[in-house]
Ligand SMILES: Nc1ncnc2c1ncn2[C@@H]1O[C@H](COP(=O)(O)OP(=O)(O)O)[C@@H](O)[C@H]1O
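Next up: just one chain, as structure tokens, the form predicted on its own.
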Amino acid sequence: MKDLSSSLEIRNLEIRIGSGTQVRSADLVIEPGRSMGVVGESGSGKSLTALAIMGLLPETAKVSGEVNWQGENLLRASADRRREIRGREIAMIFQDPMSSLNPAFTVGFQIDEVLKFRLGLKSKSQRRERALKLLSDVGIPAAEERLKAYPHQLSGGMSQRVSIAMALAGEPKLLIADEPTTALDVTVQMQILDLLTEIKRDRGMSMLFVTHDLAVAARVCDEISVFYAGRTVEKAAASDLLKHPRHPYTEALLRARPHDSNEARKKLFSIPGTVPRPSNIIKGCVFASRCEKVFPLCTERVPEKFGFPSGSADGSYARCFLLQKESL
């Protein structure tokens, strides 16, 4: 029997805001204790998918499909049920740590509030002890002093560590990290990535890691889903996807990465064209207008998932007619 203790399953997710469709039939599965990277350009629907899981989309958004958490479709859950899950079962780290920290209150006060209302700890001394342990777990030195600090007194990396500590305070089973290293310098980025990997391993959590960088996703994730124009175009084990990309968009993303030092003087490859607007009506493959390998069928029909062997827990696939041609 399938273990639903900390599994997330998204099927045919569609998100419409205004006259545009930002997410089109997105699929995602995260097995218990596994980490999934969601990769794609800006506007591909990565962050909106994360917000849909958390129930944090704007009221004007029209959402359909399934977001199943432990077998329960969250899109049908009541507002009270979503609040119960948020922070306690599923927690999220945002791109800019300063957006999730209140500048008017100390670090200690903000962690204390989470422990009081999410875990229901009534003892102040118990909450303080727990807060110190959380700060220690995320690698913050002099935790006693940091509890008294205000967010503006912390560096970017330290602020993100505090945000991670707050996310972990409710002891979630799934941690969503939405480009958590974008606002940090390279050295601190690596520290935060290593920290998230360690936390996920030690706590046995599942993790959804949103990023635009395939190399970063491969560093911290077991599997990677590639999003384009709101649709999942490829999913595979991280190591396999980097070595053997099947979808032309995944190939293009890998070509666009910076080269080794001996190729530093070469001009970086860029994908021609732009991501389709959400208001565009797309007939056929969403990547067809920018694909170097496009052929007539690509602009006429939407490609179905085409599976292939990989180390992915839920099976690997790409939405591309080229794979179907190769199998004929």
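What you see is a predicted model; the values in this text were computed from it and never measured. Sequential numbering from 1, following the sequence displayed.
This next part talks about the form predicted in complex with the ligand, which is not shown.
Of the candidate stretches 282 to 290, 42 to 50, 297 to 305, 62 to 70, only 42 to 50 has residues with heavy atoms within 4.5 Å of the ligand in the model of the complex. Among residues of the shown chain, P272 is not one whose heavy atoms approach the ligand to within 4.5 Å in the model of the complex. Not displayed here, the ligand is kept clear of S316 by more than 4.5 Å at the level of heavy atoms in the model of the complex. Taking the ligand as positioned in the model of the complex, the residues of 16 to 41 that bring a heavy atom within 4.5 Å of it are, in sequence order, I17, Q22, E41.
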